[in-house]
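We begin with a single chain expressed as structure tokens, specifically the form predicted alone.
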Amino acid sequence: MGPIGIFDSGIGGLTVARAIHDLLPDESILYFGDTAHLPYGEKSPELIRRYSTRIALHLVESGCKAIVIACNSASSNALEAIKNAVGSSIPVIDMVSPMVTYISSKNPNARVGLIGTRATISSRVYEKGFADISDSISLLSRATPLLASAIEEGFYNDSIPQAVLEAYLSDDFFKEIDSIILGCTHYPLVSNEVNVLLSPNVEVIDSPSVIALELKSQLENQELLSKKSQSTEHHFQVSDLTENFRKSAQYFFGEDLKLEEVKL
């Protein structure tokens, strides 16, 4: 069987790819980072759809048996376009609907916080998702546009993301929430810092793990899981090969990487 296709605008989706690898070690991965066009969070919905569908078709043409949109901005603005482009035979897993289902099933009266890019927040896709399931879930959303770029530049072990996080989270805006969605795949890289800035009672939800579980469920349902006897290979492609991406990929997957630049 073919690999799992995963894409993001940059390094953030590697958090999802790693969670998938940990849960499904017998699956091969083809990851595409659209580093030439990052960040998606500051792009128009039309441009996000154009970039995303082009990448999704590339992954399908490369033999991928499933597509994971490891980007909240693309999930919020391009999901239907991607599904229409790749066809109904290819499972497409987004970042939003599995999170909405997970939170709703865990706590039907949840008071949820959400931070994400402007593209994700302005789409109101999380609000729509919760509203379709329950009238009892409240959602507080805040755009945090500087954070993904700071993390993408490799500063997630330094003071710059901390200063940005404090600017977004140190007031009382999220005072009444009981859980928070890190609505950008870059953000799990600073989940510990987020946790420190919020009340100890607030659950910082591990979204990559939720997405990995959803992928496993869909692969099982369609009998697409790889057998243990099959060999695995992980390939990483980027539209613009940067040192930041190389270092981040090595951080998540080790030194022995198959990394190449692919222009779409």
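Counting begins at 1, following the sequence as shown. This is a predicted model, so every value here is computed, not measured.
Heads up, the form predicted in complex with a small molecule isn't pictured, but that's what we're talking about next.
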Subject >> Answer range among 183-191, 165-173, 136-144, 96-104 for contact with the small molecule, defined in the predicted complex as heavy atoms within 4.5 Å >> reply: 183-191
Subject >> Close approach of residue 208 to the small molecule in the predicted complex, 4.5 Å, heavy atom >> reply: no
Original post:
Is there a heavy atom of residue 64 no more than 4.5 Å from a heavy atom of the small molecule in the predicted complex?
Top reply: no
**OP:** Answer for residue 29 alone: is it within 4.5 Å of the small molecule in the predicted complex, judged on heavy atom distances?
**Re:** no
**OP:** Mark residue 41 yes when one of its heavy atoms lies within 4.5 Å of a heavy atom of the small molecule in the predicted complex, and no otherwise.
**Re:** yes
